[in-house]
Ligand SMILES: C[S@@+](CC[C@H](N)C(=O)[O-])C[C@H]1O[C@@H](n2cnc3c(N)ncnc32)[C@H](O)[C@@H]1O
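As structure tokens, one chain now follows by itself in the form predicted alone.
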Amino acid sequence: MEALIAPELEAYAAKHSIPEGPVFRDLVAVTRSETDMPQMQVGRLEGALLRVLVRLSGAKRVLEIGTFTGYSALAMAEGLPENGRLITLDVNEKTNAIARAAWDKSPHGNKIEAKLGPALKSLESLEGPFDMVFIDADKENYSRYWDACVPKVRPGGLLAVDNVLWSGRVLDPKEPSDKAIVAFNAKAASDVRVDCAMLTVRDGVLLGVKK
């Protein structure tokens, strides 16, 4: 992922956000050493944003599509009340095992339930309403995930979608993933069910509040 702002500015913003605890620091190290694409991890700044969004929305039930090594799930779990629950969907057993090991070290890990399997299939068996949804998975399916999730979000609930600027490639899309993100962004912006705002945090985060 190419930086959209100066790395020094992003580091400054992260430094002035929620501190990154030892479980998260260890998870970053493990992700860098044991995965091929550690840049897929949301990182401290976006993790802090997600935690704040959970608290701002008063969420008690959160759905995540795309677990990777579990940083974002744990960040959101920290924002949940003790009786809150987060369901996270992914297909990768190796990265899921890394995530579970990290969650086991946190007092908030018991709020998280991981489901392995194709997310669109898993979504069929999940009943709403959810207070918040975070989408950060395979880009070609973003529009399908959106259509599957919006009906499961309560009125006034929040949807957050990662990588919507796609390292700037949305301005000159060439690859299938580029074009999929461009199509998704247009779809979300014109969705009459949701009020959206696109933030330039890290690789772009789309926020939508369901009407």
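Residue positions are given as counts along the sequence shown, with the first one as 1. It should be emphasised that the depicted structure is a prediction, and the values quoted were computed from it without experimental measurement.
Keep in mind that the form predicted in complex with the ligand is missing from the display, and what follows is about it.
Under a 4.5 angstroms non-hydrogen atom cutoff, the ligand in the model of the complex has Asp138 among its neighbouring residues. Taking the partner from the other structure, the ligand in the model of the complex has a heavy atom within 4.5 Å of a heavy atom of Gln41. Shown alone here, Ala114 lies farther than 4.5 Å from the ligand in the model of the complex, counting heavy atoms only.
Not displayed here, the ligand is approached by Val91 to within 4.5 Å at the level of heavy atoms in the model of the complex. Of the candidate stretches 182 to 190, 58 to 66, 152 to 160, 168 to 176, only 58 to 66 contains residues with a heavy atom within 4.5 Å of the ligand in the model of the complex.
Of the listed positions (Met132, Ala102, Ala119, Ala77), a single one reaches within 4.5 angstroms of the ligand by any non-hydrogen atom in the model of the complex, namely Ala119.
Contacts with the ligand in the model of the complex, taken as any heavy atom within 4.5 Å, map within 69 to 87 to Thr69, Gly70, Tyr71, Ser72.
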